[in-house]
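Taking the form predicted on its own, here's one chain by itself in structure tokens.
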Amino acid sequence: MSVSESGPNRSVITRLRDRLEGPNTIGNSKMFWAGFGVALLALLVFPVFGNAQQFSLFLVLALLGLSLSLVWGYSGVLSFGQVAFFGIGGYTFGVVSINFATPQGITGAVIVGILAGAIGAALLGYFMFYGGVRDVYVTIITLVTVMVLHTFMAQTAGSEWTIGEAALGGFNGMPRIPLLTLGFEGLSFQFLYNDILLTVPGMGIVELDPFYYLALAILVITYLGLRVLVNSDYGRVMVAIREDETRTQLFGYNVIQVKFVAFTLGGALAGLSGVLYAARNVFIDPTVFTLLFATLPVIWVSVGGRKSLLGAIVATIAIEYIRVSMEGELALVLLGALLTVTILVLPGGFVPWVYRMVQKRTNPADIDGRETPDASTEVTDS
């Protein structure tokens, strides 16, 4: 580090990089941030050439992948029921927005949906972690929670299952969710089916999808925010719990509280993803609580690299693109094969492996810099 970059004279960019970089994230070099900028620019211009409406779904689901990466990859808690908080957030948004279909009502529904996901996770996490539930039993309980929610929501087809003006709809799902409009009366914007027309030299008039850019902005902000979190002192405690829970507790850290907070924050992120999912589709049904859908986040995070936020995003987008493109039983076979190969050949995930290969070729001396250490170097006796 140069003299000009040290002490109080450090530039704003240097101080910002210090917050975003650390041993718990891949990508702590200027080359990474240059690549990040190029990828972000490509995503910004993607609607001009590709199907932004479909791609926005992948961005929304990437938020769900990030939530599991935080809970499982950084805190060591394998939640097989992350979609429970996703569905709770989506259904809550639907109920509130239908009953209060004004701009401020829909804006409030977004907030309430996120809070519902967080509260659902907090309630479940409180009884699990403060009740002494650990390891595989947490996985089983979260999975059972999803199955219970699926069974319950599937039988809410009758008129008695109406909350205000919102009918839950059972297997048929919840219709009539209003279009996503954020703001207040006189100062609001509607994000769906409200394309922005832009004149591009050489291409004429192109249509840009506002919801795509909303989902992209939320995903980027969430990713950067989580980088700051996992590289902070609190994030280091989360990683320490993941690597050796008993030793971390012996050092005096409140392990249960840290796991509870991480689980609740993961629930809020899943709730946000569910809100955007319901808003994008103007519809939600109990398929969000099925076993298949509950399995997908585990596959995304496993394949991408559960100890990598970037891996969760890349794998979610890539796998969902393949799954949607192929459809049918063949897509399920491919997902199973991909998960098996990842576990047997690349247990650390595909994205961290690719990053290490690129780093070895471009800067071999910095391969062990500020990147994620393995367990043997992260927790030592020295």
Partner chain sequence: MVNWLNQVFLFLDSFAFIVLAALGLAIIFGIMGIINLAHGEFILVGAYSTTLAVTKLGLPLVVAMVVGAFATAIFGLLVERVIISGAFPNWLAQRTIGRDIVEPLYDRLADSMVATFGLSLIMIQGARIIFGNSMDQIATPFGNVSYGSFSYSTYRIVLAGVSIGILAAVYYLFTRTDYGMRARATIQDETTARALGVDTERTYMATFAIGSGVAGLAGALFAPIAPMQPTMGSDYLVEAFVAVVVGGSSAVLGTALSGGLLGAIQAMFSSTYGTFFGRIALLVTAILALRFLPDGITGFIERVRTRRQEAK
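Not measured: the values here are computed from a predicted model. Residue numbers count along the first chain shown, from 1.
Just so it is clear, the following notes concern the form predicted in complex with its partner chain, a form of the same protein that is not shown.
Report task. Using the partner position in the predicted complex, report whether residue 302 sits within 4.5 Å of its partner chain, counting heavy atoms only. Result -> Because a heavy atom of residue 302 falls inside 4.5 Å of its partner chain in the predicted complex, the answer is yes.
Is it the case that residue 37, even though its partner is missing from this view, gets within 4.5 Å of its partner chain in the predicted complex, heavy atoms only? Judged by the heavy-atom cut-off of 4.5 Å, residue 37 is well away from its partner chain in the predicted complex.
Notebook entry, point to check: Is residue 140 one of the residues lying within 4.5 Å of its partner chain in the predicted complex, judged by heavy atom distances?
Noted result: Residue-level check for residue 140: yes, a contact with its partner chain.
Do residue 340 and its partner chain come within 4.5 Å of each other in the predicted complex, heavy atoms counted? Judged by the heavy-atom cut-off of 4.5 Å, residue 340 is in contact with its partner chain in the predicted complex.
Heavy atom within 4.5 Å of its partner chain in the predicted complex - the one residue of 281, 155, 162, 287 that qualifies: So the residue touching its partner chain in the predicted complex, by this definition, is 155.
State the residue from 74, 263, 80, 211 whose non-hydrogen atoms include one within 4.5 Å of its partner chain in the predicted complex. After the contact test, the surviving option is 80.
Can we say 182, 218 and 221 each have a non-hydrogen atom within 4.5 Å of its partner chain in the predicted complex?
No, the whole trio is out of contact, none within 4.5 Å by any heavy atom.
For the interface check, one of 252 to 260, 202 to 210, 84 to 92, 147 to 155 should have non-hydrogen atoms within 4.5 Å of its partner chain in the predicted complex; which one? In short, 147 to 155.
Is any part of 283 to 310 within 4.5 angstroms of its partner chain in the predicted complex by a non-hydrogen atom, and which residues would that be?
In sequence order, 291, 292, 295, 298, 299, 302 come within 4.5 Å of the partner.
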